[in-house]
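Just the one chain here, laid out as structure tokens, in the form predicted alone.
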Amino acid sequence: MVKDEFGLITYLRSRLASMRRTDTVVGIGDDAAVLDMGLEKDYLLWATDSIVEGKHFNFNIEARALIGRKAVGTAMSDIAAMGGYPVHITVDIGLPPYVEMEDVNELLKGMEFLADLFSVDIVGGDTVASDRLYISVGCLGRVEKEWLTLRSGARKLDEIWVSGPLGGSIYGRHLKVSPRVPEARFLVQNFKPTAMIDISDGLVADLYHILEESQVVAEIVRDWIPLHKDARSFDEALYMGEDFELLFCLSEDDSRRLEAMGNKLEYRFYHIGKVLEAGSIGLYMRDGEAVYPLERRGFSHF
């Protein structure tokens, strides 16, 4: 049985590294695939995300609409992490015997809530019988070529930011996914994020994705990390995951501009650390005078 998610992703990426088509700009290794389909100004983005009963949610009558919302929201969040906006989604759903049509209708209400909010069409999918409920969503998005943001662009002296408080998602917020599409669009239109990802597996685990792709070492500062009111410990902010906030890097100049906007902004962003050097990979926590390494761990989908 495969138990190591990161190891599996590394294997799949290596195994499927050969790109056969010239219109594939970015394949496996980022929040979404990037496709050049001949549009003058835009790339197409393609992301998929799956949620499974017992791992990502517990099925009950009160949660049905929120489960549908989460399924769609997690895929839309990947599009936001690339600087783009969602336009179409497909939904594959595995239905166990205890799910009735009324339940399906409630799941769809949650999906339609986000689809309406972001002017997205649900254009197809598939259904199949299953021993437990699962939903897999494919999301097609668009991003202007000049605003495409990958995980791999972080540079020495860049500042590290998040778009909201972290931790405690498992106590109910993990179902109320609100993709940070407006925040991402604000950032790419007004600044130039050098790297970006959404926080699904935890701050530390997802920051490591940026560090690996960018080949850099970074430091985050304990006192700067915003703790959500739902969090019951600081470790939940580091490792719990499913916050679906944006984690991004800005140059020093752009960071100063963002800080200068302060309370004038419609959105709140939090400066949490800095890229120290390039050429290797590592992550450190500064806690007062103490500095210590952080190992890579977070939410496991296995």
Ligand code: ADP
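Numbering starts at 1 and runs along the sequence shown. Please read all numbers here as calculations on a predicted model, not as lab measurements.
There is another form of the same protein, the form predicted together with the ligand; it is not shown, and what comes next is about it.
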*With the ligand left out of view, choose which of Asp30, Asp254, Glu53, Glu242 has a non-hydrogen atom within 4.5 angstroms of it in the predicted complex.*
Asp30
_If the cut-off is 4.5 angstroms on heavy atoms, which of these, Ile9, Met285, Met19, Ala278, is the one near the ligand in the predicted complex?_
Ile9
*Proximity of Ser200 to the ligand in the predicted complex, heavy atoms at 4.5 Å*: yes
*Is Asp78 a contact residue for the ligand in the predicted complex, using a 4.5 Å heavy atom cut-off?*
yes
*So in the predicted complex, does any heavy atom of Glu236 sit within 4.5 Å of the ligand?*
no
_So if I measure heavy atom distances to the ligand in the predicted complex, which of the stretches 125-133, 175-183, 152-160, 192-200 falls within 4.5 Å?_
192-200
*in the predicted complex, which residues of 41-65 put a heavy atom within 4.5 Å of the ligand?*
Asp49
